[in-house]
Ligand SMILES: Cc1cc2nc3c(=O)[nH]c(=O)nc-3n(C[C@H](O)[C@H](O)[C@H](O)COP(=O)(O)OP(=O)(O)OC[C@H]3O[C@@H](n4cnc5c(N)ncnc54)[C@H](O)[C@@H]3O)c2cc1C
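Form predicted alone, single chain, as structure tokens, below.
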Amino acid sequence: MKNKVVIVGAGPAGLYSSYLLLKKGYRVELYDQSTACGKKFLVAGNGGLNLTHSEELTSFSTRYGKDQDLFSEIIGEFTPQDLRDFCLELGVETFVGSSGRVFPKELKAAQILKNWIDHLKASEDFELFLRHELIELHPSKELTFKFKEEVVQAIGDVVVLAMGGASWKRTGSDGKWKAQLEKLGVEVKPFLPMNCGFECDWSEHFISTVDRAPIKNVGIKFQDRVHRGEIMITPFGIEGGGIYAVSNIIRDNIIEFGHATVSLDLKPDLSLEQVLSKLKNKKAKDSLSNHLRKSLGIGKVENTLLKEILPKDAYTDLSTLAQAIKDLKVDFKRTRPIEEAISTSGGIAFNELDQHFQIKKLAGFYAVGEMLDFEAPTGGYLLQGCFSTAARMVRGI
């Protein structure tokens, strides 16, 4: 009789754990409380499914902050190329974009997910149980689920927990498991929003003028971190990939000091002197807004933002305006609600786990993916982390 592994959570970490364990000759029962697998994976793929990143491993591992040494190890064991090779096994070709990010060539997230699940279902050793909400974990490796109005028991030789963090609750990633593990004496770090937007105290005029609008190619600086990317101006504040890359340190600063002042460079390819020179070439017949658009490509959204931040006399002073274009100080007051965040920080503390992510206080229980207390920016780093933790865990089993 083959050993049976019960996996809870049908996101990328749980699905990839299933795939690997079936290859190793285990029977796998996969449970999820949602009506379908990989809901968060599908939502993340709406704007183009960023699978991983082609960045060199030394730089790649720095994206994991306090855990970069650990992730240098596990991503060295299951690399971005290994992830691309797995995609090929599912019939999905990938390519490296101009930013270094890795995407599928043709297939959308839904088709990739279908190929993945079809591959699992082709094995006679695999069973999938949807709409099963985990109610209780037992140290004996017996799990209690609620299915419709019934109570269902499952027991495995090994249990793998892959239940995600606490963001995008509509996809099933609700973090309810935290209380269950804490009840069993497992330390779980508090959940905090990561890859999230921030609130600014905009004026009523600004809120009525700007809905949701992107600004591309912005330099973002906070403390010693410098990044370039796209930001999204919203009625509540600022979000977008450029901000997500530094969201954890901005968030931590807000927690400690009540706010965070971020510097935006609206023209990162030009020096301050070049910006000022272009501003000084203004023709008498041009309005300042028109001149900004024609000389620097500063459109309505950027211009509205400048007017919001700068006093009127500063906005009309060309030297001060040039300085603001290169170093616009924006005060972030609050993070957006955690359920809006792309991911969360916090989760099972690494000191509660052995090197293969087995929970020390619960022999035979393993945890992978966003349940673990790590944080990574978007750009493929978060998804790679989920795959690499699953690969390390399966080697341990």
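Note that residue numbering begins at 1 and tracks the sequence as displayed. These numbers were taken from a predicted model, which means no experiment stands behind them.
Quick note: we don't show the form predicted in complex with this ligand, though the next part is all about it.
Mapping the unseen interface onto this chain, T304 falls outside it, with no heavy atom inside 4.5 Å of this ligand in the predicted bound form. H132 belongs to the set of residues with a heavy atom inside 4.5 Å of this ligand in the predicted bound form. Looking at K40, you'd find a heavy atom of it within 4.5 angstroms of this ligand in the predicted bound form. In the predicted bound form, this ligand lies farther than 4.5 Å from every heavy atom of Q358. Exactly one of the stretches 327 to 335, 55 to 63, 25 to 33, 358 to 366 approaches this ligand in the predicted bound form with heavy atoms within 4.5 Å, and it is 25 to 33.
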